[in-house]
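Have a look below at one chain only, the form predicted on its own, in structure tokens format.
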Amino acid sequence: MSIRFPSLEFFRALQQRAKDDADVFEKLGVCDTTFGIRVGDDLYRIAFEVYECTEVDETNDPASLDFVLTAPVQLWKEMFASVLANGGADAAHTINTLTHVGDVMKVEYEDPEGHDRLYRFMATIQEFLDEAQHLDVELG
């Protein structure tokens, strides 16, 4: 059964995949951050503690997050299409590239410490998003 993107179900499926691949996340090191992914008008809250994704839900409170990755729905769909086609995001569709080249994806934050957490934990966050390669995703 396909999982629709964007949806809370999709991000919870990524959380489960991260738990299933716990050894991969342990190799990436400790990750302590609570961040957001804004897809259009929807904001998803994702929390990591130590090596584990501990929480995924929706929120209306971006101030409670370390940072928010914000992009139009179409850009997120392009990124996940790349993940599905390549077994992970290709170089043009990584979070690092999308937040640096052309500013097509915005990083919103209130505290510079929160912004720093994106760069400190980027490998874990990218791996979390790349877990979509194991899902049957309906990008619409």
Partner chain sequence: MSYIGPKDFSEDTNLIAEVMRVMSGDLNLEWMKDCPHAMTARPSQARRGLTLDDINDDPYYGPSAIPEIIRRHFSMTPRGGVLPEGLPSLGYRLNRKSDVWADSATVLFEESKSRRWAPARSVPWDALDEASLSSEEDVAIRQLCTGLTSIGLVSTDVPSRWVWLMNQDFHEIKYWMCAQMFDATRLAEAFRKRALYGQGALGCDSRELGELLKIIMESDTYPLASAALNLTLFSFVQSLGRRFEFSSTNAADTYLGTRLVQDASRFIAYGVDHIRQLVGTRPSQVEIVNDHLDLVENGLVGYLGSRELIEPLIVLSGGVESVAAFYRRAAEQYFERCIAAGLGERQDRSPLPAFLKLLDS
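Residue numbers count along the first chain shown, from 1. No experiment lies behind these values; they were computed from the predicted model shown.
The form predicted together with the partner chain is left out here; the points below concern that form.
Remark: Asp42 does not count among the residues lining the partner chain in the predicted complex, judged by a heavy atom distance of 4.5 Å or less. Although the partner is absent from this view, Leu28 contacts the partner chain in the predicted complex, with a non-hydrogen atom inside 4.5 angstroms. Contact annotation for Thr99: at least one heavy atom lies within 4.5 Å of the partner chain in the predicted complex. Val50 belongs to the set of residues with a heavy atom inside 4.5 Å of the partner chain in the predicted complex. Residues within 4.5 angstroms of the partner chain in the predicted complex, judged by any non-hydrogen atom, belong to 89-97 and to none of the other stretches in 89-97, 72-80, 34-42, 58-66. Interface residues of 99-118, taken as those with a heavy atom within 4.5 Å of the partner chain in the predicted complex (partner not displayed): Thr99, His100, Val101, Gly102, Tyr109, Pro112, Glu113, His115, Asp116, in sequence order.
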